[in-house]
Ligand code: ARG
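First, one chain by itself in structure tokens, the form predicted alone.
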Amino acid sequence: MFTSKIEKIRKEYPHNLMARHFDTAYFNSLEKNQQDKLQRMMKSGFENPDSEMGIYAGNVDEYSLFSPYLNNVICDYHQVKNIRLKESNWDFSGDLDLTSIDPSLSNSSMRVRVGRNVARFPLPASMSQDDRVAFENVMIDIFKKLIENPLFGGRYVSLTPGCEYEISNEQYAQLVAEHKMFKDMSGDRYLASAGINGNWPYGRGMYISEDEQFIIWVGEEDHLRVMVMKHGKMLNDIFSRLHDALLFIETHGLSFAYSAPYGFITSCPTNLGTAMRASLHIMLPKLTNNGQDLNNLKTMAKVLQLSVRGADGEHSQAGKGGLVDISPTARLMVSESEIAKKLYQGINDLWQFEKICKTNVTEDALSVK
């Protein structure tokens, strides 16, 4: 029954990677307890066949345990032939100054975030309510130390009923409206199937620095989502602050889940590796037909190994003046410094294309190297 349903999904939803790479012979070779565990990983894509990935891990060891199957899924999504470990590297070897591309980029909106899971806790899909609250309490102790640090300061707010840092529904709604806090996950059918949004809102919260340019989400898709955002010209600034914060967390007693050859372990295989997304907002009126069409820009960006989103994030349209969000595509088998450099070079390339285009992307522009 299970395998026949997978075959049906594979035919009707060919983009579903969970189903596309399912191997009945491999599944039948597993012991019953392993089959049950793999089925739990695949549950989201099984119950929601319109998924692209359809897989969420509940424990770190599942990636190695089911690697004969998962490696095919991961290689397909990340567009690599073989998975090999890329060591973490935050050395940028020079300044990534946006004004060297163009002086008008001196006040650019820059953002970088990573997902992290703490090794000693189950991944969110397998966490009980007690696990979620216990993890939040561990992080609260670290946040108290971070708040005392003059480079960060700030406050912690919690959604957990009865927590000393609990905020009201109105305060939570305001933080969501300000794009600081993540939205209520309880209605997300993909995360519900995986178990990631279970026990809502227990164990959920947010730390925000005094200058509001540094945020850590607690209890979303991964244990932590660590973010730095800033208006400025030096890409180095956001990466350096993020690195400093991650080191601070580690030096205060937490180890992040990490495994060869995947790198940092995340709930969803789409974020394996650096688990990093770095982006910059830039106005490209010609390449977006004055903000009316992102398709041509996305075609060009794909050649440059970049992703394009609208001004308000995924699935949104370009903002006024053709404002778009640009980020390097790669997460896996790439280092943090390479992502930073790729973002810088990608912005430079798109800016040069923008200058030579008259009204929109042309075949000549797409051929420029």
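Just count from 1 along the sequence shown to find any residue number. Because the structure is a prediction, the values reported are computed rather than measured. So that the term is clear: the rigid core is the largest set of C-alpha atoms that superpose within 1.5 Å between two forms.
Another form, the form predicted together with ligand ARG, is not on view; read the next lines as being about it.
- The stretch that touches ligand ARG in the predicted bound form, counting heavy atoms within 4.5 Å, is 263 to 271, out of 263 to 271, 206 to 214, 143 to 151, 102 to 110.
- Scanning 53, 65, 333, 304 against ligand ARG in the predicted bound form with a 4.5 Å heavy atom cut-off leaves one residue, 53.
- Of the residues given (202, 190, 135, 156), 190 alone sits with a heavy atom within 4.5 Å of ligand ARG in the predicted bound form.
- Residues of 200 to 239 placing a heavy atom within 4.5 Å of ligand ARG in the predicted bound form: 221 alone.
- Core-aligned CA deviation for residue 307 between the shown form and the other one: 2 Å or greater.
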